[in-house]
Ligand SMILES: Cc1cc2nc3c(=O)[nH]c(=O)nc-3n(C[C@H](O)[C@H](O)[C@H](O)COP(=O)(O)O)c2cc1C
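Let's start with one chain on its own, the form predicted alone, as structure tokens.
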Amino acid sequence: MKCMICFFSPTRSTYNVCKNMVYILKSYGYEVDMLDVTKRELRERKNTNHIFYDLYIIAFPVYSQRIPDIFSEYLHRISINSHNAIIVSTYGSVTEGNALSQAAAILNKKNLQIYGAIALPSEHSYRSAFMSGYIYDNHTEELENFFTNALFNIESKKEVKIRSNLAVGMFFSQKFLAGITLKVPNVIKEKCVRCNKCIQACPTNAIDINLNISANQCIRCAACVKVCEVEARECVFKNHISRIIVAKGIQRKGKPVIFT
């Protein structure tokens, strides 16, 4: 049996969960391929993979209570050669929003049946702006239990319906919410050592060779902040309300949201 894990993970939190999934799936006899479409050039490649997969998994972080727009656009565009799907998301403990139901709608339009979906709490992308907060593991036990049930659903042909939540993200664009929450992470030149890791980490190629960030292209994922080893990038909130909301989220231990 063959499985594809297609994922988007600028800060690598979702990627770490994907590595855990590979181990679990192999224990069930699956041969697993991974497709990382975090980089823009990878998302823009022509889809030439015609392999049929017994299971197709998409994995992504929640942005402004939804699936990231650029990952959503990618999924809408590609062809997926499979009938069975599982959805995995990570969220920074504030809220999982409508990301799972939104992702399910995209896959359903491509005639894939959903047999399980899970949103796992993870370290918030903006955690560096605070002195404290939970640091999460990869939820091995929760993932193992989830996949036991989801794979049984596939065998039983028991599709899963994912309910939609009432969330603020339903009424405003992702770009708008991100833009009013966080400033573009400017470089602190006194600390910068010009390693260019921030340029390499950016999923939208928003950082130029002078380390300036395009406000229009930046999606406020904070990948450049996370990857900087000398703290030359920082998360700065635009308003006090946003800071309070995120602070409350990272200071409480979120729980997995599971549909099986």
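Position 1 is the first residue in the sequence shown; the rest follow in order. As the structure is a prediction and not an experimental result, all values here were calculated from the model.
Same protein, other form: the form predicted together with the named molecule, not shown, and the subject of what follows.
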Picking from 119, 94, 107, 151, the single residue whose non-hydrogen atoms come within 4.5 angstroms of the named molecule in the predicted bound form is 94
Based on heavy atom distances of at most 4.5 Å to the named molecule in the predicted bound form, which listed stretch, 152-160, 80-88, 107-115, 120-128, is the contact stretch?
-> 120-128
Are any of the heavy atoms in residue 55 no more than 4.5 Å from a heavy atom of the named molecule in the predicted bound form?
-> no
Is residue 37 close enough to the named molecule in the predicted bound form to count, meaning some heavy atom within 4.5 Å?
-> no
Determine whether any heavy atom of residue 221 comes within 4.5 Å of a heavy atom of the named molecule in the predicted bound form, and answer yes or no.
-> yes
Does the named molecule get within 4.5 angstroms of any non-hydrogen atom of residue 12 in the predicted bound form?
-> yes
Residues within stretch 51-78 having a non-hydrogen atom within 4.5 Å of the named molecule in the predicted bound form | 61, 62, 63, 64, 65
